[in-house]
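One chain follows as structure tokens, the form predicted on its own.
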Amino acid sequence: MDWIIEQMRKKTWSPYAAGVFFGLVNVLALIMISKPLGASSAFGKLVGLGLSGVFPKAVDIMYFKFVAPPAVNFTVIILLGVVIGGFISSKMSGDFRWRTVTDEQWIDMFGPAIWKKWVVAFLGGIILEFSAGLAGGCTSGLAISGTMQLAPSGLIFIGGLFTTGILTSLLIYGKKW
């Protein structure tokens, strides 16, 4: 137990150790509950739950009927676990603090305004969530869990992920970076 607490207090882990541990968690999830790890539909389900209480007609669309029906399910629990686990880990390592992530690359390209970054992050999150719902998963579900199972959809997703990521970076940042 002391070893586990000592590991939780580290600011960073070896990427190899973290990869092995994540792979073991994924295998345990498949063995114990027959579900791969993935949380991309959690935001859609939570938004649907919120909307159904205020604007019931807003969830009467194909997306909420078939892609991300409003519910608290496995993906929502994983999402909560990620947030709570990240908080506990950052507190244990003494690395927790509120901050707006400003990096030199962003400031050079778009200026120091924090609101721009929040708007881009929010809109990007909506696009990612909607697209992941339509594709049947995101980085965690398709790329990590799907590739771990050698699913063709996961391998195709990884290729598309890197290709579009490189093209998008070139489109936004050009040859500056």
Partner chain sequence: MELTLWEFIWSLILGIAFGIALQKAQLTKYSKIVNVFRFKDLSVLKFMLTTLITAMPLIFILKGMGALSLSNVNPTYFLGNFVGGAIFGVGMAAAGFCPGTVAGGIGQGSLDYLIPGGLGFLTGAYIFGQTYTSVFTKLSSIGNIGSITIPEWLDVNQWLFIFFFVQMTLVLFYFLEKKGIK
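C-alpha atoms forming the largest set that superposes within 1.5 Å between two forms make up the rigid core. Computed from a predicted model, the values in this text were never measured in an experiment. Residue numbers count along the first chain shown, from 1.
Beyond what is shown, the protein has a form predicted together with its partner chain; the following relates to that form.
Although the partner is absent here, residue 58 sits close enough that one of its heavy atoms falls within 4.5 Å of its partner chain in the predicted bound form.
When its partner chain is considered in the predicted bound form, residue 30 lines it closely, a heavy atom lying within 4.5 Å. Residue 54 falls outside the set of residues with a heavy atom inside 4.5 Å of its partner chain in the predicted bound form. Within this chain, residue 124 lines the site of its partner chain in the predicted bound form, having a heavy atom no more than 4.5 Å away. Taking a 4.5 Å heavy atom cutoff to its partner chain in the predicted bound form, the contacting residues in 115-135 are 117, 118, 120, 121, 122, 124, 125, 126, 127, 128, 129, 130, 131, 132, 133, 134, 135. Annotation for residue 111: C-alpha shift of 2 angstroms or more between this form and the one not shown, rigid core superposed.
A displacement of 2 angstroms or greater separates the C-alpha positions of residue 62 between this form and the one not shown, with the rigid core held in common. With the core superposed, residue 167 shows a C-alpha displacement of at least 2 Å between this form and the one not shown. In comparison with the shown form, the Cα-Cα distance of residue 108 and residue 12 decreases by at least 3 angstroms in the predicted bound form.
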